[in-house]
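This document starts with one chain, in the form predicted on its own, laid out as structure tokens.
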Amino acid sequence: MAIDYKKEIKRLKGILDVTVVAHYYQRDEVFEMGDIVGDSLELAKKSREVDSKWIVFCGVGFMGQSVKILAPHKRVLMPKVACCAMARMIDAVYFDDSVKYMEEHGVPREAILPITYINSDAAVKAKVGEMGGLVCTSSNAFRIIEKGLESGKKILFVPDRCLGQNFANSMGLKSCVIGEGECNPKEADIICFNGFCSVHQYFTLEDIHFYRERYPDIKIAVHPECDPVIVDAADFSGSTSQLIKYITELDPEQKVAVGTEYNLVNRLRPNNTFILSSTKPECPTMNETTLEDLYLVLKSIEEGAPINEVLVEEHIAYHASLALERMMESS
């Protein structure tokens, strides 16, 4: 007899000391099972505030790590330990190489302030924490970068070059990308690592032109992980939560084309909302988690043999927590 996963998940949630957390990019049937839903910043804050012994995090690996680091007394499990492709673009070695690049181009180590997007492994966050740096999300990057500039240091921004460039542009700052053209750290305010979100690279100027020609009064709203030329051509750019707020507050008759992950856009208002791409912009790793995975991880708690537990080495967790806590204090 087939298992009714939704029914079983609800039963297990009712008898276990557990909170199910789900990111906005999760597939609908998993998202609907979340006790807490949100973007990276919201989930990091709310997860450590709940009283539950167990956190079951439906998302990607760096998110589960961040919760474990911020709330080490909690036991954090993931239905599927999926890895964000952007987070995989940088590791501790690549981070050290980026610092070395800046040093070789005339910026001493003590004059560098690293900021890492939350989409990074705990080992990278630890490197950032050791150097006095901070973590940011797309929701608070402006504030974090602004605070970082108060130090008078050059900002090394990892791993998302688009996010770093877009916020530099919005603040009237000069940026460059290591490995892309001539990047002189002495002449730039923000020096970016050459990473990116593959999903947010789907959106093109041709897509924007198509919608503007078809619907002259349409609004274009995009995530700042998109390429700077896309952000510059849009009417609005913001984090996942900021996009939701902007779009839901529009007049119901106002047409809007949205440049971010498919699952989020698909569950927004049903009318006059379009995907800003002819290709389905679905995050493959966010979509790895299924109802069966969620059921199995909850069942493992019930049986006293938890699976997919998130663990972070103590020395890495210590330094990574410094960078994360600096973010929480600043935001």
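What you see is a predicted model, and the numbers here were worked out from it, not measured in a lab. Heads up: residue numbers just count along the shown sequence, starting at 1.
Keep in mind that the form predicted in complex with ligand 13P is not shown, yet the notes after this line are about it.
The stretch from 182-190, 221-229, 106-114, 123-131 that comes within 4.5 Å of ligand 13P in the predicted bound form, counting heavy atoms only, is 221-229. Residue in contact with ligand 13P in the predicted bound form (any heavy atom within 4.5 Å), chosen from S175, S239, N166, S98: S239. The partner is absent here, but in the predicted bound form a heavy atom of H200, alone among R161, K154, H200, K80, sits within 4.5 Å of ligand 13P. Heavy atoms of S47 never reach within 4.5 Å of ligand 13P in the predicted bound form, leaving it off the interface.
Ligand 13P in the predicted bound form is approached by S40, whose closest heavy atom lies within 4.5 angstroms of it.
Residues are counted as partner-facing when one of their heavy atoms sits within 4.5 Å of ligand 13P in the predicted bound form; in 126-141 only S138 qualifies.
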